[in-house]
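Taking the form predicted on its own, here's one chain by itself in structure tokens.
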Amino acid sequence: MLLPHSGILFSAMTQLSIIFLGTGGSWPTVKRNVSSVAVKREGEIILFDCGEGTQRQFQKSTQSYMQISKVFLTHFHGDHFLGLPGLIQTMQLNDRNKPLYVYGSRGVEKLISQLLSLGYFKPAYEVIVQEVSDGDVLEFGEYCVRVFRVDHNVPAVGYVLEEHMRPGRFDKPHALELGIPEGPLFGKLQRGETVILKNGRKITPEMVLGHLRKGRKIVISGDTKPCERLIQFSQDADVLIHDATFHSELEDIAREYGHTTARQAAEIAKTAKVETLFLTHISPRYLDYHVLEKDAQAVFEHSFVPKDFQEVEIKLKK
């Protein structure tokens, strides 16, 4: 599904943060819960995967699960979706009344239908499910989410959350030279609106704004072996959140189970020229995560293993 670009420009003040709710793989440990990453953009939370216990992770974090608008599932292994039934029911018990959107690859409608039929429970609010596939682009006003196929042992996808272009720098001295009075008209031009001066002269945004600037870009790999599509879709990303289940010493095991080593994830980040790499889906065998961090940093310096509940703000480039 390719939806048309809305052409919407967003405010330069829009805040964007990543909250790592679950950074472990396979099963929960004392230090790490299973997969779940929240992206908070202003008052909205976009959730990527929802492993068991995600609702409790929210309660222990600084965020509210009631702000979740959308859930994107990378694939249907339990450590990526089994938190949904409890989360949906808890929202109901807290009087949620706005729809919840759930996205996933082929079979997601059947899966969510089964989850919602467990026990004596039915949400009073709408749970709207949409199947996505490789190449889809979902438009949400000021940002879009791109879907791309990855290489796991079951059907799986990754996601790119990318903001649309934002206005160029406002040239105040030139605006004043054009006779635009300082005040509300400045703001209209910065929002992309054309204004008309008292003398009848029409001023368009292009006359006082520089070149459009890129928004922020976050890539979530889900579970996968190294693949070319990850490099393609991660080009110049601000953040790449990548499966790094194993150390490079266990590359054969990683390949067998459809995963990536920390070093391989770093190679992808380096090739794609991303700004920062976060390694997640950490195997329970690694009590000392620094071994994975060092494994990756030998290839790509800006590689980090986040802890559960770590929050990272992604700032706009000037």
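Sequential numbering from 1, following the sequence displayed. These figures come from a predicted structure and were not determined experimentally.
In what follows, reference is made to the form predicted together with a further copy of the same chain, a form of this protein that is not presented.
Proximity of T54, Q57 and L118 to a further copy of the same chain in the predicted bound form is complete: all three residues have a non-hydrogen atom within 4.5 angstroms.
With the partner omitted from this view, the residue of I196, L93, A124, L176 that lies near a further copy of the same chain in the predicted bound form is L93 [heavy atom within 4.5 Å]. Note on the partner interface in the predicted bound form: the residue among L111, M207, L185, I231 having a heavy atom within 4.5 angstroms of a further copy of the same chain is L111. Looking at 271-279, 45-53, 245-253, 289-297, the stretch with residues near a further copy of the same chain in the predicted bound form, meaning non-hydrogen atoms within 4.5 angstroms, turns out to be 45-53. Using a 4.5 angstroms threshold between heavy atoms, P85 counts as touching a further copy of the same chain in the predicted bound form.
Interface membership of F81, defined by any non-hydrogen atom within 4.5 Å of a further copy of the same chain in the predicted bound form, is confirmed.
Shown alone here, S283 lies farther than 4.5 Å from a further copy of the same chain in the predicted bound form, counting heavy atoms only. L212 falls outside the set of residues with a heavy atom inside 4.5 Å of a further copy of the same chain in the predicted bound form. Residues Y65, F76, H77, G78 are the members of 62-80 with a non-hydrogen atom no more than 4.5 angstroms from a further copy of the same chain in the predicted bound form.
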